[in-house]
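Just the one chain here, the form predicted alone, laid out as structure tokens.
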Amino acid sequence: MLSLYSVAYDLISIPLTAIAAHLPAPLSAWLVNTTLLNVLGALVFCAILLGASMINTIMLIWFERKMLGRFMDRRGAMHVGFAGLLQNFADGLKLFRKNTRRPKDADFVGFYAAPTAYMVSSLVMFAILPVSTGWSAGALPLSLLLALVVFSFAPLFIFLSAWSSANKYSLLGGMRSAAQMIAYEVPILLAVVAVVVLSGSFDLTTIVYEQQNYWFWAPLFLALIVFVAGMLAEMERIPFDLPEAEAELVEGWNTEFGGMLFAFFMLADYVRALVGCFLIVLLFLGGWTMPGWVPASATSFPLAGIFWFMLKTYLVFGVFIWIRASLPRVRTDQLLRVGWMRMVPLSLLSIVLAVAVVLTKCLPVIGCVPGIGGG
């Protein structure tokens, strides 16, 4: 099967092989060495992933600005580039030109390493999550578990960023952020257990293929609600943006960071938002597959899987923007109470419902479906 890695490998091997044909034997043999080609192919593969993720992240920021503008009865970004498409690049250039000043008592290693690790750990997710058939060279048997583990690194890096900046208010914001993320990671994991019970696999590709007859949002609607709420809290988006709360905390845990370090935090937040939308689409909305009643012509054109996957992703992010424009910020005690006392019981109930569906082999609306539960 043609994969993104094989495409990256061909992009390197074809020109190097052509060049090696005109070089002396020792040098030509070195150029077409299998190890060298594999390393260069992996680098091109990573560059493609990085470029695609950055372009989509920038488009998400533009999409949110335009949608929020419509919700607020204005136009949003519109002056830099066509329809404001270059506004984000202008903002990035502005932050790139700003100086990054470290407080006198700040920890040198933590102050620079924590924001970088926060950004890198968010980007690594794109190498784990499948976007379509042939996206990676091979399926990871525990890709869902690996994705959740990498996604859960954020509280550590946020707390280290707050602590290393030598600001007690930033430290309080970091502690608040860590408490919020940990409180909502538990129901997220339990909601994922319901998906694993229904699909019978930890492999995200297998989970997508198990949804070819029915998407999991219907039988696992309760798990979907818990997962979406948990993702909003993990991404620190309204109504769960207490760790930032710029009106009260002057940007909370990242108060002391400026220039590109501040841009890392802001960009990583949207990268994590994109990753959260990817996970929702993969776990509950059928991934890159479409229902059987969709005409074959709509699912068989080139890059159809990527097209439908990204369309679902942007629709999910549109719901996130809708929530941001509609709901007010909640208090910290309310946020933690909902996480521990409401979301955890609801996620446990979703597991019970998933087990019931697997045992009865029937769905509430669709009826009995052969092969349900990974069978």
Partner chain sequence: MSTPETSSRPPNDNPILWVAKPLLTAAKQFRKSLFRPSTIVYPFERLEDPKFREEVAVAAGKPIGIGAVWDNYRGVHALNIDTCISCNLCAFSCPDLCIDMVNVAGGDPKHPKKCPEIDYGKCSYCGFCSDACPEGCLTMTTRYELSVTKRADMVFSPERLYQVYEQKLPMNPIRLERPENEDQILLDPPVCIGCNACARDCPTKCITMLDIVKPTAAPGEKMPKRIWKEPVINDSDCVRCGTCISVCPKECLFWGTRK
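Positions refer to the first chain, counted from 1. Note that the structure is predicted; figures quoted are calculated from it, not measured.
What comes next is about the form predicted in complex with its partner chain, which does not appear here.
*Asks:* Applying a 4.5 Å heavy atom distance criterion, does D105 contact its partner chain in the predicted complex?
*Replies:* Contact with its partner chain, no.
*Asks:* Taking its partner chain as it sits in the predicted complex, is R101 in contact with it (heavy atom to heavy atom, 4.5 Å or less)?
*Replies:* No.
*Asks:* Would you classify M67 as touching its partner chain in the predicted complex, given a 4.5 Å non-hydrogen atom cut-off?
*Replies:* Yes, M67 lies within 4.5 Å of its partner chain in the predicted complex.
*Asks:* Counting only non-hydrogen atoms and a 4.5 angstroms cut-off, does L327 reach its partner chain in the predicted complex?
*Replies:* Result yes; L327 sits at the interface with its partner chain in the predicted complex.
*Asks:* What is the one choice in W30, W322, Y314, W340 with a heavy atom within 4.5 Å of its partner chain in the predicted complex?
*Replies:* Flagged contact: W322.
*Asks:* Could you check which residue among A304, L171, M78, V193 gets a heavy atom within 4.5 Å of its partner chain in the predicted complex?
*Replies:* By the 4.5 Å criterion, the partner-contacting residue is M78.
*Asks:* Tell me which stretch of 341-349, 41-49, 54-62, 305-313 has a heavy atom within 4.5 angstroms of its partner chain in the predicted complex.
*Replies:* The contacting stretch here is 341-349.
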